[in-house]
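Shown below, as structure tokens, is a lone chain in the form predicted alone; questions about how it binds or moves come after it.
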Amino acid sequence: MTATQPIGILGAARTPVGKTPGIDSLTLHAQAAHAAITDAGIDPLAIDGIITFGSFTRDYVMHSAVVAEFLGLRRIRYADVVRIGGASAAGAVSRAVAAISAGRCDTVLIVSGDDQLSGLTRDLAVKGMAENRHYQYEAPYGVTTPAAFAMMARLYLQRHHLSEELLAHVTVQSRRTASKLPDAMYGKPCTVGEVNSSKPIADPLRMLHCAPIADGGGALVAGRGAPGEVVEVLGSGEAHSNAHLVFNPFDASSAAAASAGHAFQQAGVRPADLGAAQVYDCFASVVAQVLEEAGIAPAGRALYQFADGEYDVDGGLPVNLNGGLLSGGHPGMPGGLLHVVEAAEQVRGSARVPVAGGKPVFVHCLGGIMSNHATLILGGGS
């Protein structure tokens, strides 16, 4: 490899996502890492950088060092733990590219795995969501993660004069796409009526508007490669407006617009140039908001476009071709990484349902309550 070769993604892999009792977080890290290294076709000893995101079920102060130790990686020159919530995956890719470009290391393993479904009781999962809120102004009042996102969803619907029933189309599209994937956690199609009659969680969000908790992991190997072989990071951007809901500015758009804007500008492409999009979908409302704020959909129109099939596999811009977190399952910290893995596979034409057709792929990852955003535009590949 030479310094003139482009830096990007050499290997990408995911573990099965669902319920995997008896397989803990570190083992999921190992399974994903092994698969990505094999996919990259490199010697594991060539890895001299590692980035992890921590874990909900088995965390460590020096998490990246512990994972490297568990994997038997002894020649690490660069180690980092990225903790910007669900935005960590896209943020980690940007950091890996920067580290390699600066000569800090040559080959970086980005890996995350968690057993949230098998490793946490229901009470512990709820406790974790509550404790993630501001210790003084939110947590004492029982504001959970779904309740916080529900406030943002209601604001979005009111701002654009949309009915809450329209949200169902995001989940319906997700299930329709997942039905083409034999390993999807929820691959059975559903109807608008089924979504709108599912259990209320936090108004206006219902059970089927929420990504199901899962076990799983994903990994990427970043480094230099020959043009046409490496999946290049054409553009990247981050924007962080706040950490807690109570300090949200509640502007007409979240930091998603700035994050996507930086990525598009750096990549030199427009939304119309995209072949596919992977948008963080912890809740159905988030997908519509991000598509609009990123300039991919007109303001207030994304939900109607979901209803019209614009984001289906055979639509104008296929979205969340892995079924997204809504249907593929949400393992927590690895969630955003699953989106990046799918985008990399779309770029190189190895996806299970390949549709990008050589065009750039948009990836959005979200941390916090619509507050911490990281965006990638991936391209190149074979």
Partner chain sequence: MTLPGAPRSTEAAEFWNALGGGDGTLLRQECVQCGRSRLPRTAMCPYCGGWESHWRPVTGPARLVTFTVIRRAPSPEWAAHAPYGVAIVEVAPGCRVLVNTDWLPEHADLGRPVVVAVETGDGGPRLVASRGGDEAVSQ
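Computed from a predicted model, the values in this text were never measured in an experiment. Residue numbers count along the first chain shown, from 1.
The form predicted together with the partner chain exists for this protein as well; it is not shown, and the discussion that follows is about that form.
Sort through P189, P298, P200, G228 and report the residue having a heavy atom within 4.5 Å of the partner chain in the predicted complex.
Selected option: P200.
_The unique member of G142, G268, G103, G193 whose heavy atoms fall within 4.5 Å of the partner chain in the predicted complex_ = Of the listed residues, the single hit is G142.
Contact segment among 259-267, 95-103, 238-246, 174-182, judged by heavy atoms lying within 4.5 Å of the partner chain in the predicted complex
Result of the contact check: 238-246.
Review point. Does any heavy atom of I84 come within 4.5 Å of a heavy atom of the partner chain in the predicted complex?
Key: So I84 does not count as contacting the partner chain.
**Study point:** Distance check, A272 to the partner chain in the predicted complex, heavy atom within 4.5 Å
**Key:** Judged by the heavy-atom cut-off of 4.5 Å, A272 is well away from the partner chain in the predicted complex.
E292 within 4.5 Å of the partner chain in the predicted complex, heavy atoms: No, E292 stays farther than 4.5 Å from the partner chain in the predicted complex.
Is there any non-hydrogen atom of H134 lying within 4.5 Å of the partner chain in the predicted complex?
Yes, H134 lies within 4.5 Å of the partner chain in the predicted complex.
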